[in-house]
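Coming up is one lone chain in structure tokens, specifically the form predicted on its own.
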Amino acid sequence: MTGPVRVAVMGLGQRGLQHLKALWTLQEQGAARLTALADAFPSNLEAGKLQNYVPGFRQKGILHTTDFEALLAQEPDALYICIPPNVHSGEVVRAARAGIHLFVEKPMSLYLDEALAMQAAIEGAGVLSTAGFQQRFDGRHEAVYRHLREGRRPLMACYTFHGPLEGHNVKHHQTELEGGPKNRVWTANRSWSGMTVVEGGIHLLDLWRYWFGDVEWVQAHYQHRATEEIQDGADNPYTYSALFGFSGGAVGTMTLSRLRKVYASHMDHQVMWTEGRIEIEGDGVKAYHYDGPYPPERSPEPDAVERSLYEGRGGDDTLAISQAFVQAVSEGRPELIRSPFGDAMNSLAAVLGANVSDELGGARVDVEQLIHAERYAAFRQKPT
């Protein structure tokens, strides 16, 4: 492809604005050219609002529209779809059939049948695609990937995140007009978000897939919110416990909570391999293992078994994933994409499988069977 990649963005909410900022940087660098911005609500397309989120943004030469047909008529090379996962209405399928390369934000859908139709259209059209798993491009997570690839066999990952229910950022989609939460915080509502393992936990689950391989099975149990505790449509469960089994034998334990009136967050992320432990923090990654003569004559001091794998916060992974996607489209190099849509289907099925497991009383759910078997057909369907 000669010249910059012509890009359109559908959905200018929180995540869409973050992508717009990254794409504006790529436009300034000459790698991309924004051709169209689309959103269901005109207020999200106002120049003043966009400029608040994207310093230096200028709308000249960029179509602003609420009409998906008008966006398609611009014939962009690539389209970013950044809408809540329960409001898809065939946009991915139609764009793929039009030959447009696709960046689809996670979760790609709350319904496997709908996501499978997206996958079929993308593969049938032969367009490039990526799901929005930018954390694979975080420098900290790349360091873990490299460390484990040096002949180390992973055994387990443990992730804990306790976040206040009020900690969900206010969204931009006017859910109050569509039967959703009046405060627009759709991420706290189960019918809009698919619950927290799906909406938020999918990022960590996808990281584990990046390190360990595909998920084969999942078991989960949630503590559901009492009816009298539901305010502003925030009916997602109090707590989540999910166990994922990976193809290489590793397991991942995910413990999440969304509690009201806490106003504080806590995160802990550990990865174990056969001879050591990795600790992933906000400002870096450390590995703990002993490299000296074994067994040692005496127990080594703590600083003798600690090694820094990465220092810093990991960089701008949102910009990095767009750089890779735009370059892949420009140069026809799919190998630059770390999470093609078809590959990302395992991440989506695994977290949706956690919901199914909880609904079935904690039963183990085989991920491939969830995608294909008749016994799970009702769980794959999108309500009419």
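Only a predicted model underlies this, so the values are computations on that prediction, with no experimental measurement involved. In this text, residue numbers run from 1 along the sequence as written.
Unshown form predicted in complex with a small molecule; subsequent notes refer to it.
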## Note on the structure
Answer key: of 365, 10, 371, 22, within 4.5 Å of the small molecule in the predicted complex (heavy atoms) is 10
### Task
Taking 4.5 Å between heavy atoms as the contact cutoff, choose which of 101, 106, 168, 147 touches the small molecule in the predicted complex.
106
#### Entry: Full three-residue contact with the small molecule in the predicted complex, heavy atom 4.5 Å, for 15, 38 and 82
yes
### Query
residue 194 near the small molecule in the predicted complex, any heavy atom under 4.5 Å?
no
### Task
Considering only heavy atoms, tell me if residue 132 and the small molecule come within 4.5 Å of each other in the predicted complex.
yes
### Task
Spell out, yes or no, whether the shortest heavy atom distance between residue 225 and the small molecule in the predicted complex is within 4.5 Å.
no
### Message
My question is simply whether residue 277 lines the interface with the small molecule in the predicted complex - judged by any non-hydrogen atom within 4.5 Å.
### Response
no
#### Entry: Location of the small molecule contact in the predicted complex, chosen stretch of 229 to 237, 118 to 126, 263 to 271, 169 to 177 [non-hydrogen atom, 4.5 Å]
169 to 177
